[in-house]
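Consider the single chain below, provided in structure tokens and representing the form predicted on its own.
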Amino acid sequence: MKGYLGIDVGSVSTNIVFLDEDFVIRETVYLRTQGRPIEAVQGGLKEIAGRLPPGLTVRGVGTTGSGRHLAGVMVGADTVKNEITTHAMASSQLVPGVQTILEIGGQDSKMIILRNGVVSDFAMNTVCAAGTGSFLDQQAARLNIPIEEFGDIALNAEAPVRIAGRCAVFAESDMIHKQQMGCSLPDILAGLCEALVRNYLNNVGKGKEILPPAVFQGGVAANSGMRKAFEKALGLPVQVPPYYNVMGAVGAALLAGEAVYRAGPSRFKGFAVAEARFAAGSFECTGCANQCEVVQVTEEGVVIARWGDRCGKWSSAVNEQKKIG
């Protein structure tokens, strides 16, 4: 078998997918990053390698997510792309004709507008916890509800209560107030879903023309209460595509296929990187007034990448060493 790997390293989850030569999804791995992206990438590679047949040929690798640069130098990525590009690519492939992508992950949310298969507009929210998967996890834990049951309970609401959703702190205070007033749990959870959707549309979706087909993806798309709240607020059907929780990785794999088609053989180092010793750190450059924070990655004690320097003093030194070597 031959195919392509896509790796999405986020703040909450790390996702890895394998697509065959026909770009059909064969295997997916979804695991928690837990603040250790290097270990998460290595663990995910080890797991997916164990599921794939022996003698497999990886023809290309793409990385995305907040840890895309780190993952890219670890595995030898052929393409390193942001989440907007990869999510749009995956959605266009799995839901032909899609015009609106609603994406909510663990720590951020985004909206992508496509017209004729091309990204025409997008917005991201990375500064507020309200409306993210982490906030829903936190509230489920506070109410002693498994997060997997959150959405199904919300669907049983008879009269969702109004909850202030513009701030995570205010939303939690309002939920506690509604509990003390005697409101039912389903009504409170449904009210929270509607509040988070209002927050999302008022911030991320402000000024956007939301047209069908619309898809809802990211880890929060597993919450059926959030999907219903989106449909109620938008007045149009919202699809949750297959592989909704690993769409970034799917898009990265698709883009890897394009990259190697144009540039030639893959730079993938092989699944052996799952056993290599990697370390990442940073230091402050004192060469000028900018005082750049330079990130440095080592493999088996050898520096393989640096970034963060505005002038290129440190990153270019690594590149020159690679050329000489």
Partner chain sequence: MRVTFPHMGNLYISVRAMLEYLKVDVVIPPASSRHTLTLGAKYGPEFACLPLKLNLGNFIEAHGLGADTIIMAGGCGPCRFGYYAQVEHAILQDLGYNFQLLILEPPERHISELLVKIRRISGNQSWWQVGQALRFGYLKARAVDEVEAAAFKARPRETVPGSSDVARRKALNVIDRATSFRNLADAADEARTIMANVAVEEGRPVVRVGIVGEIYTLLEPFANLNLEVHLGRMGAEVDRAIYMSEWVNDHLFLGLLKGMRSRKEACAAAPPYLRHTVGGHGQETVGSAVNYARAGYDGLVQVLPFTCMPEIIAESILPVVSADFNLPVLTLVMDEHTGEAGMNTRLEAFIDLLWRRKKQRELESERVPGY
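Definition used throughout: the rigid core is the maximal C-alpha set that superposes within 1.5 Å between two forms. For clarity, every value in this text was computed on a predicted model and none was experimentally measured. Positions refer to the first chain, counted from 1.
The same protein also has a form predicted in complex with its partner chain, omitted here; what follows describes it.
- Answer range among 296 to 304, 30 to 38, 282 to 290, 46 to 54 for contact with its partner chain, defined in the predicted complex as heavy atoms within 4.5 Å: Selected stretch: 282 to 290.
- Query: Just one of Gln93, Asn125, Asn245, Ser134 has a heavy atom within 4.5 Å of its partner chain in the predicted complex. Which one?
  - Reply: In short, Asn125.
- Have a look at Lys206, Lys232, His177, Arg142 for me and say which one sits with a heavy atom within 4.5 Å of its partner chain in the predicted complex. Answer to the contact question: Lys206.
- Could you tell me if Asn82 has a non-hydrogen atom within 4.5 Å of its partner chain in the predicted complex? Asn82: yes, in contact with its partner chain in the predicted complex.
- Task: Although its partner chain is absent from this view, report whether Ala222 comes within 4.5 Å of it in the predicted complex, heavy atoms only.
- Result: So Ala222 does not count as contacting its partner chain.
- Task: Consider Met181 of the chain shown here, and say whether it contacts its partner chain in the predicted complex, taking contact as heavy atoms within 4.5 Å.
- Result: Answer no; every heavy atom of Met181 is more than 4.5 Å from its partner chain in the predicted complex.
- Message: Quick check on Gln138: any heavy atom within 4.5 Å of its partner chain in the predicted complex?
- Response: No, Gln138 stays farther than 4.5 Å from its partner chain in the predicted complex.
- Task: Within 4.5 Å of its partner chain in the predicted complex, which residues of 234 to 248 have a heavy atom? Give them in sequence order, or say none.
- Result: None of them.
- Does the C-alpha of Phe283 move 2 Å or more between the shown form and the other one once the rigid core is lined up? Shift of 2 Å or more: yes.
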